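Heads up, what comes next is one protein chain in two forms, each shown on its own as structure tokens, labelled structure 1 and structure 2.
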Structure 1
């Protein structure tokens, strides 16, 4: 297959001899597309690197150049994804090299090069697909990162008092989120040396069996660690769910409101709150 990808040599020779012209044309074609979002200079630097690799693909016996080419494309595609380019804009940037080369072939009038062009074209199409794949993977990653950040934002563990931590949960609880909150709560208990925690679910509209089980397990795990966990703000619907599902909350302390739970935890930690007359 060596040499096949970049043509039988005519196109490779052309890429070498007409470098300036082809590269100029390629840059100009892509620049139309990305105007304002990427400077001409940045673009030129990127394309020069790709061009250099493209020109060497012909002599690529062991596939190193092809590997480098794919890596360079993947890199370009990743940065485009981060900059908010669409995947077609990115791919078209690669496909544009075909037009630039075709124009050079036409100018040269070399019929042999024309024949090779079909293979060159197919090769570039493959490269375009690489950018598509990388682009999609990168966007997935961006979405995953954001989901994780959102999760962290929505699951705060706060200090209510010396030795008392609070977790005010708001919104729909799914199993994954509950698990993450619970783990970070237990970790915080250790880090801060707190012996009491209040999990407040006033802002939670509903729970399913799995979430209720996670809450329960957290309280049990907190107990094994020598700490005391109170659940507050159980809405009537949730109370019904818990009873309906037959989940045994046993001797777990629950309070109607966060204030009641805090008062309970304060009392347990030996703090009494009195009004200054």
Structure 2
């Protein structure tokens, strides 16, 4: 492992001559950490690939093997992140090879290999940083994907009646969520051809100027699709806040309850609902 790639010939020779022993020990150390979340067969296959690349680094004149090794570690890190492993559990998969190699060096009694182990250890530390950076980036992506999925789940668009859609909103309405609401509503309008939509804000804790602007944007986008919107769930407290802030909904119809809004939309659709005698 010359050229600063993690050691010299003694460590490389040791990795070649004691492959099974070192690989067995490395696998055992990592297996203790993953606690059964990966089978021994899966773990062995993964580490065998890394070991083969690690053993070839000393002959890597053009850096090809180092590139393959980093790519393999990056893929392992991404996999660990998606599987829910912690950063330390992921990193130990790399760092444990140092202990396995050190034990092999001690058994060999090769003093030259001892001297080279410091460079090998520093090389593995660099690989550990690659592993951690990739893991962190993948976890951020996983969290972002989950947040987007939660937004989509928290903004459903449902069919209340033929030609009438309902958008029940619960929680705070911000710019990101407004965009999801708008996209979901417009997509459903295209698919169903509905002419009426009820946006229910009963579950929205408070309405301020920003929330009102988000609602207006959604209503205007729906109107451009030829859909008449009704806003329901205007509780007394929210009504007072809206008046106090001087918010104007213009000609947008508002109703106190979802039932009132549905009745209005049905009436506009030419549907009459009467109690059975």
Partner chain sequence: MDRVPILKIGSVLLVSIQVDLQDQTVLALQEDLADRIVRTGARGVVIDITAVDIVDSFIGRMFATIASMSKLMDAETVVVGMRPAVAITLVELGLSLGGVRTALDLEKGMRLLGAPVPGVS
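We call the rigid core the largest set of C-alpha positions that still match within 1.5 Å between the two forms. Since the structure is predicted, the reported quantities are computational estimates derived from the model, not experimental observations. Numbering follows the first chain given and starts at 1.
Only structure 1 comes from the form predicted together with the partner chain. With the core held fixed, residue 224 shows a CA shift of 2 Å or greater between structure 1 and structure 2. Residue 37 shows a C-alpha shift below 2 Å between structure 1 and structure 2 [criterion: core-superposed Cα displacement of 2 Å].
Here residue 161 counts as shifted, since its C-alpha moves by at least 2 Å between structure 1 and structure 2 after the core is aligned. The shift recorded for the CA atom of residue 251 between structure 1 and structure 2 is 8.5 Å, with superposition on the rigid core.
Note on residue 171: its Cα is shifted 4.4 Å between structure 1 and structure 2, core used for superposition.
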